[in-house]
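In structure tokens, the next block holds one chain alone, the form predicted on its own.
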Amino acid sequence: MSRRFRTNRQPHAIAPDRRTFSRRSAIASAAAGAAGLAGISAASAAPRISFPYAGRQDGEPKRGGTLRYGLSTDPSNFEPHFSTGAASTSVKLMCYSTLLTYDADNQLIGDLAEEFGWVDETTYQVKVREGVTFHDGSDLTVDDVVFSFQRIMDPETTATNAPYFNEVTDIAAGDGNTVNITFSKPFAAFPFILASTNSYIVSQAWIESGVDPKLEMMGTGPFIFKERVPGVSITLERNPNYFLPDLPYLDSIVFQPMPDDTTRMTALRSGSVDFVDYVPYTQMSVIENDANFTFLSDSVTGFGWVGFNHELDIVNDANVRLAFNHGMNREKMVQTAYAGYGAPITGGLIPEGMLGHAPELEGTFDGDYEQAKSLLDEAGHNPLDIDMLSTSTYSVIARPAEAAQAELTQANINANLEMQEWLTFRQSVADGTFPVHVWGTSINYADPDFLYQYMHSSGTQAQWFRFADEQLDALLDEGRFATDEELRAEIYHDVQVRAAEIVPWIYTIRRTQGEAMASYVKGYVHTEAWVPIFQREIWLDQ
């Protein structure tokens, strides 16, 4: 197969051959052999879901100024290869870079990678930009790229993205500033992993010098870490040697942690900050209708879930989990939690427009209290008194948890809801100390393979759920490594059907999520879903 690189936007996927569901196993075998890369050779890296375009504000960018950012919480640490939440990601993203990223239309483009693409069925190659320097003045080399991925794969790092590298057999420097990543089998979704904010490229020399990357940051990003005053501020200054010409426009960014929604919004209105994230639902309509501010958001991929520790009694009974699923009216939850800024999820999780969407599942779980009670009767737990955990740090998680508690009461499920601060909550879920928890996140890349971490026994969240199902494992493995688009669509349809039957976890409602800023803040684009808040093109019209 000839070499296929992309230097900009990925093309549309090659139309697959028509194949029937009954031939799926045979197709998968053929795809792994003679069929080659018809489904993944660069084309499959194109996002398969579209969103309303949020265009950049008009005007000629001005240089200088400091962006005062009201941050939703104080980041726990800056470890580049482990996710500790959205707040830390927003900060790290300004100091580090990834090989790939997204443009304003949600298309994959190169960041540190000048060229990228599949060179054969199992080898992905990136050509690293030349002339890029780290913040300490040292040159970025292909060895740093190789080291970064080896660090992710090292079990001692406990990297968030480590499971995505399970099938990697070799990472090595090639000719002409290239890096070759070789797999044991094709992995269609891998380009999205390279754009993930847990796949930052770090300096090998800096990491090996003995620094603590949890306390410091040093990358190739648009801003340089200068100072952190815990609980008060994080200061970044413009990188004058950033590899993208003319960027960034700002002289500096000062992140000010403001976990309380009211405090954050009051700071924006009073002019104490210029930009805030996680606009609370009680303030969205007010901000939208105020000419002094700009509000940018989406309502597609942010979602809430109810998770279970399958090793604990009661919730290891599928009837109990089904009772939870039927015992919540999602329409009411959208109103209670988000004042209507959202949408119920009553079927599968994959949204319309993404490969594998299953419209016929809609309405499967639209709220049936009597059916929920009947399922509790079968399980021998009617009524059911049970402990449930969530976090008080993020209202986008806490409010749906409270709405779920109120709904479940109608189904004779009396959930004793305990709220913990963010890091304690995360650790409690990881430790499995509660039978039920309520969380929320966003689909983190534009391929149905995102379900792997939640439903495959080796996935991070599935391990926190203490969940494993051989049928789901087989389907998710098949979907990850199949090369035919139609085949993959059928596989992920079956994944959602199976999940509806055995309920490994429950998805509840999609949320509207967005950022607000003073009207003089220009150049920001809310790029939905898998792209965090990106400030390198922001400028101040002052």
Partner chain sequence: MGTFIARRLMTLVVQVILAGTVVFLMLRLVPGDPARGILGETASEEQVAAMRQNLGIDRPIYEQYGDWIASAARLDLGTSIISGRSVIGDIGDRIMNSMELIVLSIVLSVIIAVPLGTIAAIRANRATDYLLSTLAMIGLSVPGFVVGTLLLLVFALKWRILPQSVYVSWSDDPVSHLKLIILPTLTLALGNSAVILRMMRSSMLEVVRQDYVRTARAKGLSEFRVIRGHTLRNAINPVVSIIGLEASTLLGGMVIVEQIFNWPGLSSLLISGVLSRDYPVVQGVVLIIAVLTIVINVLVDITYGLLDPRIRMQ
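Residue numbers count along the first chain shown, from 1. What you see is a predicted model, and the numbers here were worked out from it, not measured in a lab.
Missing here is the form predicted together with its partner chain; even so, the following discussion is about that form.
K.L.:
Evaluate Thr346 for contact with its partner chain in the predicted bound form, applying a 4.5 angstroms cut-off between non-hydrogen atoms, and reply yes or no.
P.N.:
Thr346: no contact with its partner chain in the predicted bound form.
K.L.:
Can Gly174 be called a contact residue for its partner chain in the predicted bound form at 4.5 Å between heavy atoms?
P.N.:
No, Gly174 is distant from the partner.
K.L.:
Please determine whether Pro259 contacts its partner chain in the predicted bound form, using a 4.5 Å cut-off between heavy atoms.
P.N.:
It does: once its partner chain is placed as it appears in the predicted bound form, Pro259 has a heavy atom within 4.5 Å of it.
K.L.:
So in the predicted bound form, does any heavy atom of Trp439 sit within 4.5 Å of its partner chain?
P.N.:
Contact check for Trp439: yes, within 4.5 Å of its partner chain in the predicted bound form.
K.L.:
Does every residue of Ala159, Gln453 and Thr460 put a non-hydrogen atom within 4.5 angstroms of its partner chain in the predicted bound form?
P.N.:
Yes.
K.L.:
Of Gly367, Pro163, Gly432, Pro351, which one comes within 4.5 Å of its partner chain in the predicted bound form, counting heavy atoms only?
P.N.:
None of the other options qualify; the answer is Pro163.
K.L.:
Which of these residues, Asn414, Gln150, Asn241, Thr424, gets a heavy atom within 4.5 Å of its partner chain in the predicted bound form?
P.N.:
The option sitting close enough to the partner is Thr424.
K.L.:
Its partner chain isn't shown here, but in the predicted bound form, which of 110-118, 124-132, 310-318, 272-280 has heavy atoms within 4.5 Å of it?
P.N.:
Result of the contact check: 272-280.
K.L.:
May I ask you to list the residues of 227-241 that have any heavy atom within 4.5 angstroms of its partner chain in the predicted bound form, in sequence order?
P.N.:
Residues within 4.5 Å: Arg228, Pro230, Gly231, Val232.
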